[in-house]
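Take a look at this single chain, the form predicted on its own, given in structure tokens.
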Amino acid sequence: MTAELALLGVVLGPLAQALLTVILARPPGMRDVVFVSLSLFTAACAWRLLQAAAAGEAARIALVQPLPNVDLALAVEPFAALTAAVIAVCSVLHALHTVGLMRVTREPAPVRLMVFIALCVGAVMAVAFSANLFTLFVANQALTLAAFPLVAHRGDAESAAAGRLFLATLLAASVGLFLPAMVWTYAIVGALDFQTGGVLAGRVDALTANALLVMFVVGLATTALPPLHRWLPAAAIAPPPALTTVQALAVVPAGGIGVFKVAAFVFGPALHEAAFATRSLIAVAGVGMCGAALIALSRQDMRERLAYSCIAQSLAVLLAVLLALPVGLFAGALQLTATIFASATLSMVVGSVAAVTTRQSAGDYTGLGRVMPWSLAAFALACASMIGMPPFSGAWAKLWLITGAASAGLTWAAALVGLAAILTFAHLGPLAANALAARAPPDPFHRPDGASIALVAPVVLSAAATLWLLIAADPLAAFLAPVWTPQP
């Protein structure tokens, strides 16, 4: 398979997955096989693109050209290939877990749920491989529209209100801030293509750079930067498979991908010209991290607790990439990949527990590790990674993040990262310890047969992936070096 075909496949594969899920909705067994199989196809395409990026292969596909020097185009670069591969692998595990949940919960509208999960994966792949700001903008709109039915899936008044908040926040920020910033950039540069070293480097004054950075970053509301973060806790009303898609695989990761591309490929050294905006945004992100982790401690509903925990992790990505150093960009890439694996594991486990025990409160997790040992062990590993405990992936990300902040002379930002890690331990550490160490609750299962292999295997494999950066950090640094090193 050529890199160009793989690039098409990684975006069109999920679209085919959605279409065939509708066409082959009956019998359910055929539908489930197709859903999982096409997730594997998307992962295979993403793996091929990862190999292409490692080999330095160039691949670019232009679909349409609405303006001079502006294409709706996809392109391969190392950061895109890495994030797409991580999301694709997690999507396979999530597809298998979703199939298991559908059978356990007897979801009344499984096809609709599976279709929009697939569409969200396709949209986030387009975000990852966007070749320019225009494609990034279009892909983000597509992702928002695909995720909206997942948030409002239940159809009751609370879900409808959450869906309206989700849609209004993300679309208003994107159209009201990101779009004008994109037009302004086009007026300055005459093009919107991403470029190593930044297209704005040497072309903007301090006032313009500060204004553009704020508009781009706040316009990407999928980062959950306060005060535009309320959509994420509201989305906790979504059913478990949809919640995993929103928090771990598509919407929140798209925010991290977007700000990384803006910082690395639009601004580059021009971030130095936007020093005031950069430090202000870092301060908001750092305080927001700590605030979200503290709020999570007060939430007993596990879905809400994970939502605020995800806000803290997403803001850590934003803080890292705004440091304007190779160390910061590397820390952001590590933080994003670590968060995807850990948050996917946590949300899948919460879905499994709710399905087989009907327990959704943090206080009801006490002793569940005695009766669901594999699932809760996976939960504990993911919690350790989110906290930043060695040797899990999150520890490497936090270490590089603190190093990057200190290298930039922002010791207060490094302190905020450390405080957020302590607060994350406070809302996840005792929860995981009590689940594993306390006495088993009487009659824990709503379903007498407990969790099936389709619910257990994906979370175990996803949790195991939280260890992979222990051996992959150095190779990843070399792999990602072209992102921040302009070619001669």
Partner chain sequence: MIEDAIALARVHAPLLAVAAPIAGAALCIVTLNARFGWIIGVFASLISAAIATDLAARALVFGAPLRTAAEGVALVPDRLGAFAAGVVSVAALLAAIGAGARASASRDGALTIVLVLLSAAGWLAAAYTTNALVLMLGTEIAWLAGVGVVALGGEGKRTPLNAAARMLSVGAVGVAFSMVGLALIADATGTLSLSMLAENLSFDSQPFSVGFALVLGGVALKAGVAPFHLWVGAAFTRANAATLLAVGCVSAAGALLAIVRVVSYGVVAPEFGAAVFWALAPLGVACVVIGSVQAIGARDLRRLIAYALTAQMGGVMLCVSLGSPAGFAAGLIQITAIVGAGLALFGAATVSESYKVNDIDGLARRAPFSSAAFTFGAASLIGAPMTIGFLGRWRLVEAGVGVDWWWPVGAMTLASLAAVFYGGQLIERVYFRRAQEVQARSGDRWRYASFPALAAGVIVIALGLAPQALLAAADAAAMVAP
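Residue numbers count along the first chain shown, from 1. Note that the structure is predicted; figures quoted are calculated from it, not measured.
Just so you know, the form predicted together with its partner chain exists too; it's not on screen, but the next bit is about it.
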- request: Using a 4.5 Å heavy atom cut-off, state whether P391 contacts its partner chain in the predicted complex.
  value: no
- prompt: Should G268 be classed as touching its partner chain in the predicted complex when contacts are defined as heavy atoms within 4.5 Å?
  reply: no
- prompt: Is there a heavy atom of R230 lying 4.5 Å or less from a heavy atom of its partner chain in the predicted complex?
  reply: no
- request: Spell out, yes or no, whether the shortest heavy atom distance between F134 and its partner chain in the predicted complex is within 4.5 Å.
  value: yes
The single option of V64, A437, A55, A58 touching its partner chain in the predicted complex, heavy atom within 4.5 Å: V64
task: State the residue from A415, A211, L171, V371 whose non-hydrogen atoms include one within 4.5 Å of its partner chain in the predicted complex.
output: L171
query: in the predicted complex, which of 362 to 370, 249 to 257, 176 to 184, 324 to 332 comes within 4.5 Å of its partner chain (heavy atoms)?
result: 176 to 184
- prompt: So, P68, F148 and L192: all three within 4.5 Å of its partner chain in the predicted complex by heavy atoms, or not?
  reply: yes
